[in-house]
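The chain that follows stands alone, in the form predicted alone, written as structure tokens.
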């Protein structure tokens, strides 16, 4: 909806709300965990099930339709991030994409691996395993939500050097909600070492902010369908820059990883095709949902979604501050996103998040390491919903949370933030 008027976009957001059943009886602010599916996405998935049910999954008609669907998904995923289709591998989720790169890139003892202190476990743990398994020198850059893009770049510049082999960071932090200066980090890494590679955890960016991987120069970018895209779980994609594909070995392999082979011992590995990272059957149901989800997002307009989410963040900041909470997410326009995070000293975040859902149907989440509540504000959310959140928070600060909410304040030992 390029060059659309305010009235057009207001109508579009109203359409999204009307087409998303979960929004009819819930205030859904948790697409950073998993987004609510719209009826068109569900209809596309149901239609594929009906096709397989009536015709059988391996009839020529269905097999050809699935091949075309995979091609269409690859094309749309490329359009989503500013890539070419032959630079896109179909994956199950962001974590798989990250592991494809960390497992297949040649990282040797004492090579530098740089990440930040605001990463999700799916980025941190692969980095730690590069240290534990290969002897990499892992460096964690501390970041604060108040940091400007320049300040963040300066901190990374202090640790990225000629030994840096991999920089693995999020485009948007799942915890603080701040946007990292990806293009600047790519430039820093490539200048310090032409052999350095930059891998982006795009779990909180795809469907949230406009992405152009070619413009940023990033080497690899992993992203999912089930979060801000509001598509099906179990489906994602991985971009790898065309001239980087050959240097990454597939850690898990199938027939796609062979350029040629026979039963007499002849074998030639596939080097150039990004499909070497794909394994076997991909669900047609998931592909149908993924295609519909990307089409729905592109029809809304990435820039319009981004600006709407950030506008709601401003509203949340102004209103929630009046409740007495401490806002953690950035106030700077340069780093502001649709993720809004706040802390209440008198109520554990897990308890408050549960209380919000239990008493008012407000679906959000706690971020344990920050003891903070996180609202994922997508284009379908409204100012009235933010007002309702503020009212419930004010009531909880005044009267306390329910006994059930108090009971969930302590997470199980070893629990991992999703």
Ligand SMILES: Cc1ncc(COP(=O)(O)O)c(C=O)c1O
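None of the values given here were measured: they were computed from a predicted structure. Residue numbers count along the first chain shown, from 1.
The next section is about a form of this same protein that is not shown, the form predicted in complex with this ligand.
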{"query": "Contact check for 32, 95 and 120 against this ligand in the predicted complex, heavy atom at 4.5 Å", "finding": "yes"}
{"query": "Interface membership of residue 174, this ligand in the predicted complex, 4.5 Å heavy atom rule", "finding": "yes"}
{"query": "4.5 angstroms heavy atom contact with this ligand in the predicted complex for residue 330", "finding": "no"}
{"query": "4.5 angstroms heavy atom contact with this ligand in the predicted complex for residue 77", "finding": "no"}
{"query": "Touches this ligand in the predicted complex: residue 178 (any heavy atom, 4.5 Å)", "finding": "no"}
{"query": "In the predicted complex, the residue from 102, 115, 204, 337 that sits within 4.5 Å of this ligand by heavy atoms", "finding": "204"}
{"query": "The single option of 341, 170, 127, 164 touching this ligand in the predicted complex, heavy atom within 4.5 Å", "finding": "170"}
{"query": "Residue stretch of 180-188, 344-352, 281-289, 87-95 approaching this ligand in the predicted complex, non-hydrogen atom distance within 4.5 Å", "finding": "87-95"}
{"query": "Within 4.5 Å of this ligand in the predicted complex: residues from 215-233 (heavy atom criterion)", "finding": "224, 226, 227"}
